[in-house]
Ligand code: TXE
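First, one chain by itself: the form predicted alone, in structure tokens.
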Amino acid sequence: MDTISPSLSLPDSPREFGFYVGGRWIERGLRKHMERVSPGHDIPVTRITLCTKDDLDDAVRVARRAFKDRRWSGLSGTGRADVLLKAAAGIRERAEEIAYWETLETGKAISQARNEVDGAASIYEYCAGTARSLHGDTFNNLGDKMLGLVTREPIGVVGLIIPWNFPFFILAERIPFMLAAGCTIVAKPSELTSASALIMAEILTKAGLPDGVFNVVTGTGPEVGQAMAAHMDIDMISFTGSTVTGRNVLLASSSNFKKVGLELGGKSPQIVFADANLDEAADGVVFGVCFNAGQCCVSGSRLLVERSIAEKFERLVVEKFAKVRIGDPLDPRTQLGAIVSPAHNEKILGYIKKGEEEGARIACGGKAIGTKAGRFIHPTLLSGVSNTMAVAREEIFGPVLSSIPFDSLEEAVELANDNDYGLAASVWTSNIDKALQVIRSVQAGRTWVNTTITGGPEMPIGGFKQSGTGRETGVYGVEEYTEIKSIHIAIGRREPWVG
């Protein structure tokens, strides 16, 4: 790829955004701002306001007021569902706009962005059902003089911190579940990719969400994100991002012992047995590490392959890597887009070099692609990797696959679990007994058999070990944003304690 020829036109000038609090846009004014340069085109595409701690405090006050007066939590499930369905329709009405700006800010392929926007709309539709079905319990076994009720109540004001790799889709895996539970929200998207969250705020207002229920404060992690984690008037923090930053969020949350939901890093294994359909497995493995240019927390970046087929399978992977279409993110034919920033580009290339120094062999790729604009890296297979190497243990967050052979089912499971992370895992085999034995033994929150990186909002997501705490999506994702209250109702006259 020598040149980038956009099939969609690039913006003539950066789109300027303020921030969104209380159901209205707030202009940047005298606040600082940053220009986001498109990773695939090297031109400024958006201009984002850098809010301050004072702006965060104002947004939290607005969200607290909206929660206390019950303008949202006091609605019936039917009322909340109606807004969520209208929000889904609003997403579909503006789908092309959202995908366009998402592509420009993230560098991901626009075909992928379009799929994610469509998937996001379906999550809001799913959550409309959960808003209506959320319920508690009754206990009629406490004797004739007592009835027990258990209610689920919204936890309150939620602080939401969203990463740069899936800014709109991860937003959809959080917001509608929080709203279905009856919470109010202050969100901070990544300063690199804020456009789609701000557009979503406008969509929600148009859908009928009361003012102040969803607010977006843009800015940096050290300035706004850390202050959000430590804020005394936020009841829960939901953070998606690196394990290092997640640890800081967890420590800051002790300010008021707020509840914390964390979806953090991963080093997910793709376990391939000799009896698998090797062509399909290779296709899945290549997709799993190239999806979003490998900038994906559930990226299948560790290939654990049965030794008897390791060389053959690596050849299949190399052949499929060579066919992956790399190019302009705005071209709908592109499968693998750009790397998010110069610093991250260098980090990925640094890991590849480190792998070589540790004794791994570059079977293909290993280099950046020379272009007139943007940053792109060839899909890379590192062969001869041991599970002790940095490329096998640390999250690279790029299109880099480390191949590690195994000799037995037990060794495959041991290798898969020999890592600090436990976010996701895939197993490829034609033997269902083997598949179930492995998948039940692997320590990971999201797992797949003969497929990878797929699913719907009905299923929960989250991590084991240092990949996070709590669960998002599904009914579990709504319950995550509730408090449980026990209610004891005495029946009949009280038996005196004082004589």
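Start at 1 with the first residue shown and count on from there. Since the model is a prediction, treat every value here as computed from it, not as a measurement.
As for the form predicted in complex with the ligand, it is not shown, yet the points below apply to it.
Report task. Look at the stretches 310-318, 356-364, 144-152, 182-190 and give the one with heavy atoms within 4.5 Å of the ligand in the model of the complex. Result -> Heavy atoms within 4.5 Å of the ligand in the model of the complex occur in 182-190.
My question is simply whether residue 225 lines the interface with the ligand in the model of the complex - judged by any non-hydrogen atom within 4.5 Å. Yes, residue 225 is a contact residue.
* Though only this chain appears here, would residue 221 touch the ligand in the model of the complex if you measure heavy atom gaps against 4.5 Å? -> Yes, contact at 4.5 Å.
Query - Partner proximity in the model of the complex: residue 347 to the ligand, non-hydrogen atom cutoff 4.5 Å - result: Because a heavy atom of residue 347 falls inside 4.5 Å of the ligand in the model of the complex, the answer is yes.
Find out whether any non-hydrogen atom of residue 173 is located within 4.5 angstroms of the ligand in the model of the complex, and reply yes or no.
No, residue 173 stays farther than 4.5 Å from the ligand in the model of the complex.
**Q.** Non-hydrogen atom within 4.5 angstroms of the ligand in the model of the complex for each of 304, 385 and 403
**A.** Verified in the model of the complex; spot residues all out of contact, no.
- request: Please pick, from 255, 242, 115, 417, the one residue with any non-hydrogen atom lying within 4.5 angstroms of the ligand in the model of the complex.
  value: After the contact test, the surviving option is 242.
- request: Quick one: from 204, 161, 330, 127, grab the residue that has a heavy atom within 4.5 Å of the ligand in the model of the complex.
  value: Of the candidates 204, 161, 330, 127, 161 is the one lying within 4.5 Å of the ligand in the model of the complex.
- Task: Residue by residue through 371-400, tell me which have a non-hydrogen atom within 4.5 angstroms of the ligand in the model of the complex.
- Result: Those in contact are 395, 397.
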